[in-house]
Structures are given as C-alpha cells and as structure tokens.
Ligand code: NAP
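Just one chain follows, in the form predicted alone, and it is written as structure tokens.
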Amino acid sequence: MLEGRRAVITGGGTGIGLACAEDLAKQGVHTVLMGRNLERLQAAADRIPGAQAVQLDVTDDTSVRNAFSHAYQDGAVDILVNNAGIAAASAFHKTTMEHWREIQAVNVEGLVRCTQAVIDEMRKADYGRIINIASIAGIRGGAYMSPYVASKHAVVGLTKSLSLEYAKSPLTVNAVCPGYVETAIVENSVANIMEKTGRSRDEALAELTKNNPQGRLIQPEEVAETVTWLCSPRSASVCGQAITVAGGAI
C-alpha cells in the first residue's frame, strides 16, 4: 500500500527516527534520513536499502530550506515524520530563558519549519501524511520538565489545528505520544537522575517507568509500527489524533 512513496524522517539517525525509517522501508517506502550528525545518519542509511542521508539543523532556516530542496530533487515527499527533538530536566525555578528557548527552538520551531517546507506541496498532492512525534508529556503534566512538557503540548495543539485546516485535502496530520522509550535520550535521563539524586541505575529507571502500568520502557519499534500505520491509506479517516504508545498510561 505504501510501495514507491517517499518519506522524510527528521532525527532519523537513531532511536525512534531510525526505527521509523526501517519500518517504512519494509513497506517499500523510499526514506530520506535527516539530522545534524551526517556521519551517524550515513551509517544509519547504509542499513536501509535505497535510503538517503541529508544533514539538517531544524533550528536554522537555511539548513531546512537546503535539506528539503535536496529531498525534492528526487520526487515528491509523501510522508514527513517530525521526530527531531531534545529533552532535559530541571526545576522550573532554576530554568533559564536560554534553556527554555533552546527546547522550544528544536521541538516546536524546528517542527514548524520542516512542516512548512512540505505542506504546500502535500496539500495539493493526491496523498500526504505528517506524523509528529510528540510525547505522553504532550497530553499530561510532568514535574521538573516544564520546558519539554510545554513544547510537546504545543506539538499536539499544532497537530489538531493543522488537521482541521487541511481536512478537505488528502493530507492527514497526527501525533504519536510515546511514554519513555528505550533510546539514548532516556539513557541520558537515567544518568541525570543518578547524578542528581545518588540513586542506582535500577532505581533511576524505576522512577521513569513508574507511570507506565506495564512497568517497562517502550521499544522504538512499537512507536515505528504505529507511525507506519498512520502513514498507510487505511488510516485516511484518522486525523488530528494524539495516539499514546505508553503501556496503558492515561
């Protein structure tokens, strides 16, 4: 059903982004992996038949423009997976405006830039899918992570607004909201908890999984399979949704 489609995946070199690229490729999708670390991207692309690696800094207008111009050289972009993002923990009263803006610049403004790079073509095409990787933090609160929570709420809100704005076109816009996923970002969170609290790794990990009724980390492949389904023609009536992949957390 997706054979021959083309997908851009931001933050495609590791974790959820790489898992999405691999799963889409299994369905015959031509994948373009984008991210800041070109060496890592190329290593990831080498694992996927026909994949391309394109350097991208989502916080830079020129970088986004050049990266997507490159992507369009080989044909239309049918699918955009906005996965690039950063996370950090800090008490709100210790959060500087510089730190706040850094999170928003990547997680919100970067997503907006990438979406604007494709949406005009997608809304006029016969097919289009935009999948925003948000977080369960986008539909609930979280202590010591207010900049991240605010950014992911913005992503969910933008998803709902765009879904209404383009509902009459073949384009659908959805968000996937994972719980803690077993990626490098979560490993950094574990290390941060250990450093600041003196807890063991197991104790730090338990802190992250305590709100998951299944008591475990989500696997990147679980998120990727949800993304692939949202990209398929069978999900055409699903639009503006924030789908949680979080072990039953609500």
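This one's a predicted model, so the numbers in the text were calculated from it and none came from an experiment. Start at 1 and count along the sequence shown; that's the residue number.
We do not show the form predicted together with this ligand, though everything after this point is about it.
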At 4.5 angstroms, heavy atoms only, are I130, A167 and G240 all close to this ligand in the predicted bound form?
no
Option touching this ligand, based on a heavy atom within 4.5 Å in the predicted bound form, out of A44, I193, V58, V29
V58
From the candidate stretches 81-89, 122-130, 67-75, 157-165, select the single one in contact with this ligand in the predicted bound form, where contact means a heavy atom within 4.5 Å.
81-89
Tell me, yes or no, whether P178 is in contact with this ligand in the predicted bound form, where a contact means a heavy atom of each within 4.5 Å.
yes
Heavy atom to heavy atom, is A184 within 4.5 Å of this ligand in the predicted bound form?
yes
Please run the contact check for V173 against this ligand in the predicted bound form: heavy atoms, 4.5 angstroms, yes or no?
no
Please check if V106 has a heavy atom lying within 4.5 Å of any heavy atom of this ligand in the predicted bound form.
yes
Residues of 145-159 having any heavy atom within 4.5 Å of this ligand in the predicted bound form, listed in sequence order
Y148, K152
